[in-house]
Structures are given as C-alpha cells and as structure tokens.
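One chain follows as structure tokens, the form predicted on its own.
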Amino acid sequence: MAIPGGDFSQFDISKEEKDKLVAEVIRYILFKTHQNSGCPIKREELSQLVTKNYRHRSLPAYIINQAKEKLSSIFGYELRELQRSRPSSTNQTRLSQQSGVDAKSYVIISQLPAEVYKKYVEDVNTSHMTGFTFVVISIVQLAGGKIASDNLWHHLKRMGLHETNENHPVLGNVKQALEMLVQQRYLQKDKVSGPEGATLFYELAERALEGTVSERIKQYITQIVKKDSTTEDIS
C-alpha cells in the first residue's frame, strides 16, 4: 500500500506523470464541486481519471491522497471522504448487495475559521441555501432523523415555503431546492410501503450525520429553543 506523499517508484511512472495526474484530479474536484453546487464526487469518478491510462491497482488511492494534501496546503480545502448511508428501511440483504458499490464519495470543506470564511469567502448569493439547508435538517433532526414528506412540507408551509411554489423570491423553485439537499447528500429519500400504499420519507444522509455538521445543527436547535424560552418568560 502506498504511503501518502511517499515513494511512487513502485508505480513505474515519472514525477512529471505523477504531478500531471494529481493536477488533473484537483482540477476535476474543483470544477465538479462548482458545477454541481457542492454535490459529492464519487470515488469511482476520480479513480477513472487515473486508470484510463494507468493500470496499477494502488495508483488511484495514491494520487487521491496526493491531491488531498495539495488541496489542503495550497487551496485551504479538506477533501473529506463520505461513506454513503442507506435508508433505515433498507433490509440487510439489499444492503449487503449494494455495499462497496458507489459507497464512497468526496466533498471539499473549507479549513478557514468560520468568521474568516464568512467575511472573505462566503458568497452572499448562495448563503440563502445554507440557511434553508439548516432549517430543513433541523426539522428532520427534531423528528428523530426521519420525517414523512407530507409532514415536512407542513412545517415548511408554516414558513411560507410551499411545494408548488416555483418562483420563491429567494429560493426559486422550492421543490427543486429540497431536491438539491438530496443530491448533496444532506437528505435521502425512502419509500415505505404500508396498508394505505407507499409513503415517501426524508431521512438524514451522511453529510447531515457527519460530526461537524451534526454538532452545528444541535447548537442551532439549542439556540432556537433558548430564544423561544426567553420570549415565553418575558411574555
């Protein structure tokens, strides 16, 4: 197994070839992240960039590790690996069949302190989506990590966000904004069959369950609860 940043002579490639592969992977990650609004990039996609011209089995992992180091040292991004979660209703047979298939993906996370990122990097034109993401994840979190689609829309309607609204002044198509959270792997859909037919549920996915995001959501919920408690005390 190759050691990140270590000797690459075992792959029978030159330093120039190695550097070119690393640069190609970094370009792909940055471009794809921007193009797809931060949706996770499958490990398979990155591996194919390497294996299209080179056949050494361990080379993709080595190149991805090299790209990870350079993204951190040069661009200030952490390349974070995600393990794809499955809906809670998925049975073990199906889970075992799908394990290893499209299981791992990557996202890039800024390593800048939150206040510095907000002041110098954050795009005010997309900050509304961050707020929407936190609100939706918080609703699902308070519901126990999984909520029926009808119930979720019930809560969103109370905030003026309607499923049929395609021209919201901030979010545009509200239904598409919610679908984007599924594509970004903050949420996942789960259709559960019952006596009255199938019910669509939204469930927290791996990005919402990841330690940093989960902790921020809990802090956000705590702040809201404290604010509500203070308001009640005053009134």
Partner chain sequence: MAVLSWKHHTLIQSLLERGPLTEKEFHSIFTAITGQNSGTHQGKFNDYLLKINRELSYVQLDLRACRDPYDGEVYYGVVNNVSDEQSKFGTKYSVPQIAFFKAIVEAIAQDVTAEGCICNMDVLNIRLENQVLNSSGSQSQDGSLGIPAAFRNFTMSQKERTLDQLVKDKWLCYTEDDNIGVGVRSVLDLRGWFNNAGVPSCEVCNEAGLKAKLCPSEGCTVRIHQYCLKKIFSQKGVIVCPSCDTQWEYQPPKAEPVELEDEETEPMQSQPSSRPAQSQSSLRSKRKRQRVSQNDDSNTQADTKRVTRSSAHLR
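In this text, all values refer to a predicted model and were calculated from it rather than measured experimentally. Numbering follows the first chain given and starts at 1.
If you look for the form predicted in complex with the partner chain, you will not find it shown, but the lines that follow are about it.
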**OP:** Give a yes or no for residue 53: in the predicted bound form, does one of its heavy atoms lie within 4.5 Å of a heavy atom belonging to the partner chain?
**Re:** no
Subject >> 4.5 Å heavy atom contact, residue 30 and the partner chain in the predicted bound form >> reply: yes
Original post:
Even though the partner chain is not shown here, does residue 76 get within 4.5 Å of it in the predicted bound form, heavy atoms only?
Top reply: yes
**OP:** May I ask you to state whether residue 22 is within 4.5 Å of the partner chain in the predicted bound form, using heavy atom distances?
**Re:** yes
Original post:
Heavy atoms within 4.5 Å of the partner chain in the predicted bound form: which stretch among 168-176, 65-73, 204-212, 191-199?
Top reply: 65-73
Original post:
Would 11, 44 and 48 all count as contacting the partner chain in the predicted bound form, using a 4.5 Å heavy atom cut-off?
Top reply: no
Subject >> Neighbours of the partner chain in the predicted bound form among 196-214 [non-hydrogen atom within 4.5 angstroms] >> reply: none
